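A single chain, nothing else alongside it, follows as structure tokens in the form predicted alone.
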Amino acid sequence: MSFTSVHPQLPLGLEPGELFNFDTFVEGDNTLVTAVLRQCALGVGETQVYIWSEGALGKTHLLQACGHLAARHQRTVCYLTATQIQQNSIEIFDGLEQLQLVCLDELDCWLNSPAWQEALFDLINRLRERGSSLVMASSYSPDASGIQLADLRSRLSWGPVFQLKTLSDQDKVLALRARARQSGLELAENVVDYLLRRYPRDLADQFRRLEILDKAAMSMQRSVTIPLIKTVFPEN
């Protein structure tokens, strides 16, 4: 999948993997959020959406899903992580208003200086003037973000602000299996049940363990089974 660049040094595009789309996102009680984001990605409905939550509830997944959906409908789009933003100067935002969709991830990691706050403030204004769409994600709500620029806090709420809701235990099973499939793994029911019973049930911890298990399984040329889990994470 290709993306249109308007800046010769701008890292445009999405992380690899078409699996980060709306079809592979486990919604739980977040159906309204995904419905609004789908419309925004297609250029209808809301032109600005802000989502926030604790870690591992799917913020990055949803931003990439917006980007992939927009690109499939021939809309120009960019998705920027905190790392990409921090490795550049504020000029990285120059010209982004020429795109039809901009997705900015991990605001809490980089929106911590007056220069970046002013840059985002100006970008929001330019995108609004051009009728372009903007989706943002953070670990904090606009009011709790600690942003000193009051006008920016106000603009972050120009569109709907959603807090992603935590998943039920049943939905966590679906999310864990979906994440495993993104790595080419198929987890048996007893394996998923073991992971959720024996280790912290928050998805951030579960996803980290799954990544470690995936590497171990590849190294040992084994499937992810309960014996493998006990080998990688021995119990005291």
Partner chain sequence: MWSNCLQRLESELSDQQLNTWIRPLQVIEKHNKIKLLAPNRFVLDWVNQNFQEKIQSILVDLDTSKNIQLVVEIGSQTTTPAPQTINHAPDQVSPSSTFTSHSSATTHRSTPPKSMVEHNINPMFTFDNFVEGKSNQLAKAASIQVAQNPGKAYNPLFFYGGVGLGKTHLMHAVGNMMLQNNPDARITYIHSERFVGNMVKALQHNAIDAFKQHYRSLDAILVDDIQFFAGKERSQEEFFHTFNALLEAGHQIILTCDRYPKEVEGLEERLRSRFGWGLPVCIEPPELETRVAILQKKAEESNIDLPTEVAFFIAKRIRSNIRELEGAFRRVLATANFTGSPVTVDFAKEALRDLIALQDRTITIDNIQKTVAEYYKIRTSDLLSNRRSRSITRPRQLAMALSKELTNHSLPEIGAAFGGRDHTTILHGCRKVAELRESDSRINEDYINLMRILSN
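Worth saying up front: this structure is predicted, and the values here are computed from it rather than measured. Residue numbers count along the first chain shown, from 1.
Just so it is clear, the following notes concern the form predicted together with its partner chain, a form of the same protein that is not shown.
Although the partner is absent from the chain shown here, Phe20, Arg126 and Asp143 each have a heavy atom within 4.5 Å of its partner chain in the predicted bound form. Heavy atoms of Cys109 never reach within 4.5 Å of its partner chain in the predicted bound form, leaving it off the interface. Contact annotation: Thr31 falls within 4.5 Å of its partner chain in the predicted bound form, judged by heavy atom distances.
Using a 4.5 angstroms threshold between heavy atoms, Thr166 stays clear of its partner chain in the predicted bound form. When its partner chain is considered in the predicted bound form, Val77 lines it closely, a heavy atom lying within 4.5 Å. Applying a 4.5 Å heavy atom cutoff to its partner chain in the predicted bound form picks out no residue from 193 to 227.
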